[in-house]
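Below you will find one chain, with nothing else, as structure tokens; this is the form predicted on its own, and questions on how it binds or moves follow later.
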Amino acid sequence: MPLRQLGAGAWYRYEPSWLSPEASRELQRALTEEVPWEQRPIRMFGREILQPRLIGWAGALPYRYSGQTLPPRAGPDVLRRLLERVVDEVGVAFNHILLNRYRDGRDHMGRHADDEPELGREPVIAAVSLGAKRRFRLEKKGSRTKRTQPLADGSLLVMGGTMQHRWYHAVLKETGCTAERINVTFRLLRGPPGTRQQPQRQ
């Protein structure tokens, strides 16, 4: 996958056809049927709102974001097999999976960065997209600089370096989109919520 440098150590890689159309379609069907989907409240700007999408997750450690904590949960075998393939591709021992299910173009993801302390100083995060193509917006912190990366069915996106500390990302609303999309994201949690990576000895 070609490396796309965004400056100051931030980068991402994008492979538009990481899965074949047949494999992507079968994986989306299996996850739709086997993942226990939920619509949970999150805290935004001091108030609770329902997330504008459905979520699922799997991992041996709890994960906390936006004022909610996801407890440890086992995932279906189809998710375990996908995890093994992503770990082999990216070379990171991911141990937590968060799934977002966008039922149509009204479901979206607001601007944010995955910068929780338990992810470490320069986390690598991978995401597999299944279903409808959606626009992935990158916004540089403290700047008007923006980039849009369409995420295709069966694609793999990997973010790393200083990406989470220097850039926000979001999935934009698309009123003309009537098809579903599942985004499967992979993280390496270094401990329970609040865990901070220890500085390396010189």
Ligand SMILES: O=C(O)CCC(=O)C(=O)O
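Counting begins at 1, following the sequence as shown. Remember, it's a predicted structure, so these values are computed and weren't measured experimentally.
The discussion below concerns the form predicted in complex with the named molecule, not included here.
**Q** Considering the named molecule in the predicted bound form, which of L70, L138, L54, V171 comes within 4.5 Å of it through any heavy atom?
**A** Selected option: V171.
**Q** Have a look at E122, E89, D114, D104 for me and say which one sits with a heavy atom within 4.5 Å of the named molecule in the predicted bound form.
**A** The option sitting close enough to the partner is D114.
**Q** Among 22 to 30, 37 to 45, 140 to 148, 163 to 171, mark the stretch whose residues have heavy atoms within 4.5 Å of the named molecule in the predicted bound form.
**A** This holds for exactly one stretch, 163 to 171.
**Q** Answer for M109 alone: is it within 4.5 Å of the named molecule in the predicted bound form, judged on heavy atom distances?
**A** Within the cut-off, so yes.
**Q** Does A132 reach the named molecule in the predicted bound form if we count a contact as any heavy atom within 4.5 Å?
**A** Contact with the named molecule, no.
**Q** L79: heavy atom within 4.5 Å of the named molecule in the predicted bound form?
**A** Contact check for L79: no, nothing within 4.5 Å of the named molecule in the predicted bound form.
**Q** With a cut-off of 4.5 Å between heavy atoms, is L83 one of the residues that contacts the named molecule in the predicted bound form?
**A** Residue-level check for L83: no, no contact with the named molecule.
**Q** Output the sequence-ordered list of residues from 170 to 196 with at least one heavy atom within 4.5 Å of the named molecule in the predicted bound form.
**A** Sequence-ordered list: V171, R181, N183, T185, R187.
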